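The data below hold one chain only, encoded as structure tokens and taken in the form predicted on its own.
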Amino acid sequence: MKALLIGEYRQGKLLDSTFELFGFAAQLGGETAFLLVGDETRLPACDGPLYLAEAAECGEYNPDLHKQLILQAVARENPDFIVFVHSSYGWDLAPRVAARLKAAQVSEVIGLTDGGFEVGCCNAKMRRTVKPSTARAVLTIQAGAFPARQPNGTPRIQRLAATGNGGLEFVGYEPAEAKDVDLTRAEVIVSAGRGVGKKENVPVIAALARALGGELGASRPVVDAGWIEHSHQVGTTGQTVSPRLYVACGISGAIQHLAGMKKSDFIVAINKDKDAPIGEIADVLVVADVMQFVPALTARLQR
């Protein structure tokens, strides 16, 4: 079994999410090859073939040229899997490659099972196993689903070049919209989930955040319901955080939310469901009604 891992390079840097590809490959087993459109000064120390094309010539993103480069590496390596991170780069390029190869595509892989791949369903409340029906498959892995792994070795660099200029012109990056609160800098975050019940209960969670000297966060369902502003959302469609303390109040633990906060130093989850997925990563799981436990905890802290 062999996997071709597609790294990501942006604004002169190899993205950290690239190392999650090596974590996935370690769980998958077998041989690996790596491809990057980037710069020779920013390469992972991985064993095996490393296919390199210069971003200065091919652009940091040009779907036609990058697809051409990947197909060249596929022809040389004959991999069973071509693996991207499920990012704006991966979700745009993966289906182009899959269509050209007439291969199955599995998006947002969050785990491995015997002969298949786990993906989320029902708004990430459930998981299902998908087994590709083609001999080769193109995969995208959910950010944060697999541990980042720093490879250790000496790559065998093989140069690639693309012809033509593609049908699109890359004009640059647009900075993200300014946020009301920058959760990435917070030492303590207390987040509200759907389990708080209603919008009128959000101030109870905000009071705990203040008592701990932290910031108020939120899961996507709470933001989608209009209870809290989007600038407070934690997860793959919000902010990725790594505070010293993360308190999840009434949050079940969809993979998209976990990906945004699982690197926190210490995680406390308060949930009346003892089997909630967030309990798998929490350092402390408090099995209780959020609206009974949080006010009592806040009052204790304010003494």
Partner chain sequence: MKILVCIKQVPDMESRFKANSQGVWFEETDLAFRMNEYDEYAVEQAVQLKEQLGDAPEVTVLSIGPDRVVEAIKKALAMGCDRGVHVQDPAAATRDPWQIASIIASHAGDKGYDLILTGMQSQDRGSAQVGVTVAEELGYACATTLVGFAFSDGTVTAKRELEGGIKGVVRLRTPALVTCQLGLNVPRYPTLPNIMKAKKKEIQTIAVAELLKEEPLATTVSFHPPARKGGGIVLEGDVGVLVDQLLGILKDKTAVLR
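Numbering follows the first chain given and starts at 1. So that the term is clear: the rigid core is the largest set of C-alpha atoms that superpose within 1.5 Å between two forms. Nothing here was measured: the structure is a model prediction, and the numbers come from that model.
Keep in mind that the form predicted together with the partner chain is missing from the display, and what follows is about it.
Taking 4.5 Å between heavy atoms as the contact cutoff, choose which of R159, R185, K198, K102 touches the partner chain in the predicted complex.
-> Filtering the options by heavy-atom distance leaves K102.
Given that the partner is absent here, state which listed stretch (22-30, 232-240, 38-46, 51-59) has heavy atoms within 4.5 Å of the partner chain in the predicted complex.
-> Looking at the partner contacts, the answer comes out as 232-240.
Classify K263 as contacting or not contacting the partner chain in the predicted complex by the rule of any non-hydrogen atom within 4.5 angstroms, answering yes or no.
-> Judged by the heavy-atom cut-off of 4.5 Å, K263 is well away from the partner chain in the predicted complex.
Heavy atoms within 4.5 Å of the partner chain in the predicted complex: does D80 have any?
-> D80: no contact with the partner chain in the predicted complex.
Using 4.5 Å between non-hydrogen atoms, is P95 touching the partner chain in the predicted complex?
-> Yes, contact at 4.5 Å.
With the cut-off set at 4.5 Å between non-hydrogen atoms, does A296 touch the partner chain in the predicted complex?
-> Answer yes; at least one heavy atom of A296 falls within 4.5 Å of the partner chain in the predicted complex.
Heavy atoms within 4.5 Å of the partner chain in the predicted complex is the criterion; list the residues of 62-95 that meet it.
-> Contacts from 62-95: K67, H86, S87, S88, W91, D92, P95.
Verify the C-alpha shift of K67 between this form and the one not shown: is it 2 Å or more after superposing the core?
-> No, because once the rigid core is superposed, the C-alpha of K67 moves less than 2 Å between this form and the one not shown.
P151 C-alpha relocation of at least 2 Å between this form and the one not shown, rigid core basis = It does not reach a 2 Å shift.
C-alpha of A288 off by 2 Å or more between this form and the one not shown on rigid core | A288: C-alpha displaced by 2 Å or more between this form and the one not shown.
Given that the CA-CA distance for G279 and A25 shifts by 3 Å or more in the predicted complex, does it become closer or farther?
-> Farther is correct, given that in the predicted complex the C-alpha spacing of G279 to A25 is increased by at least 3 Å.
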